[in-house]
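This document opens with one chain alone, in structure tokens, the form predicted alone.
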């Protein structure tokens, strides 16, 4: 059974390196297994100066954390014996910072540069980050779980502070003065009370220094920030606007071929046989058949597609369930799992007794469907072999895990594999695995040339993992005055993130139950916190109506956490919750919660046309607090972006499947939010300079779905308990 801290703490006391159970992809078997010893493929007509801030090797593994055995990409890499460099100050005045974190659209390149510029007291324009390169950066577990700001921001602040102290000490030695009389300002060291100053580069000229990060290194408090806490423009933002930036799918190498992979006709199908008797010889094709893998590489994408279509394959298929019976299947197929994915139960008080004694007792079931990550950039990878050395450029949130996958699949040591991650076109938790990189590497080895593999949209929508579907049973009891007395909450399959109620209840029974599941599933932005918040906040609304209380007042009556109370009150104040009633056909709704160090509350107004069933989101107000704010504009963008993304899962995103086949594997059939769907979104930021900053990439979206559902109920009297709520309009919901 999992440690209760990680599942049931609501995130407030969980250790940062504990893994949530719904990261199913972390323990899944590898997609491809290669022999590499058999000759089962053939070719046809073949075509200066630094400041190195170091930590002890045991700590050099950025957020290594615990690792379950047997999962994809979880072998522990050998720790470097040499000092791991994090930061260099060059003779040209540039500062280079090394981090295993990656940029996937959340703008951490900017916020981490702010952290370094703040503590180093250096111009941010001269700070450059090298990110996600397994050869150059310290080991990192991955960019997920909103960990970058609370962990890497802090780490780089310590790195930069140690470098600054070393530079100031060097100036004190050079001038033979007490270092307490010196201060660092914008890349210079100044002697207090005089006009004497010297630049960092002048001090470091001809010298090589190493600074060690002290355990108790004092950092600049947020109240004295001059760079952090400011809305600094996006680093390299112009390159993204003008098209200069090269995404993983834009990478090209001389002599590069293009790869295509033979996919099964359905989930669970196994390859019985394949041959390639009718290639177009003019296409200069390399064909690979290795175990369950078959693919081709050719000079152009079009030639590779022709070669793929020429393959003659036979498959053994298995019957599969459809989405119509999904939730009954999940609830009737529980499993007893071990390790971090195991079933977990938290119980206090006497739930059954207090439920029976309650003045009002309710029971309901809520469901959430499988949905796709739908990243703007599908999976892409370029692989190149140089002798036994493999280099791969790919879009991934976990470069070091992908390095492990490649080493295991290609039967080479990890030291012979380098993974580089150009800033990619989004991930949303969906790019933790490296199957595309493995495919490119296998074809490149056979072709003896660089190979690029770019998944089509249909491949991305079918063979990438999905956000887990789930069924959630909730029961609750309240007294006549609205006091919550009993709470029971069971999540089947979806996951345990955000499962613990933050409302006060003397009796609680909370269970996460893993189940068998029909589709490949794994991490998605906010994990199961979205599902669990939807069920909890919808049910709280139902309890409020049973008690004949205002939904906000009911929440505040049963909520003691001051940070969460503050965002509910701030959102309601900005929204005008009590100042006006909704117009006819309109409804107000509220929802919120806590996850990964952030507190959120969202108010929504909807307008419903009862005749047509059309629902329009009129406006959204979200209040958010995640400690001290590093970059207000970037935080605001994260909150707005989370709400826009959340619209899809709340209203219409849903994977439809039958007999092992996805039925809507393209944007023309899979509905994502459009410009016309996006309402005005107002953001209220609560800046708590007295609290260490937390991440904000996930939590902002968890209050939206229940707020919409609660608003629809107020407008229509119709309670929607399934996500998505209105995939075909309200009249068919």
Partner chain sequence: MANIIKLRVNGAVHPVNADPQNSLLSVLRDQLDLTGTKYGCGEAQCGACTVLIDGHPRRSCITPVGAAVGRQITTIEGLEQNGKLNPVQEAFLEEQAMQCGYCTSGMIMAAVAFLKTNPNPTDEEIAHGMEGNICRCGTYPRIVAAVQRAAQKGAQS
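Everything numeric in this text was worked out from a predicted model, so none of it was measured. Numbering follows the first chain given and starts at 1.
Beyond what is shown, the protein has a form predicted together with the partner chain; the following relates to that form.
Only one segment in the set 90-98, 189-197, 640-648, 539-547 has residues whose heavy atoms sit within 4.5 Å of the partner chain in the model of the complex; it is 640-648. With a 4.5 Å cutoff on heavy atoms, residue 302 counts as touching the partner chain in the model of the complex. The partner chain in the model of the complex is not approached by residue 482, whose heavy atoms all lie more than 4.5 angstroms from it. In the model of the complex, the partner chain lies farther than 4.5 Å from every heavy atom of residue 138. The partner chain is not shown here, but in the model of the complex it comes within 4.5 Å of a heavy atom of residue 243.
This chain lacks the partner; the member of 315, 247, 175, 614 within 4.5 angstroms of the partner chain in the model of the complex by a non-hydrogen atom is 247. Taking a 4.5 Å heavy atom cutoff to the partner chain in the model of the complex, the contact residue among 586, 183, 610, 457 is 457. Residues of 650-689 that come within 4.5 Å of the partner chain in the model of the complex, judged by any heavy atom, are 653, 666, 667, 668, 672, 673, 674, 675, 676, 678 in sequence order.
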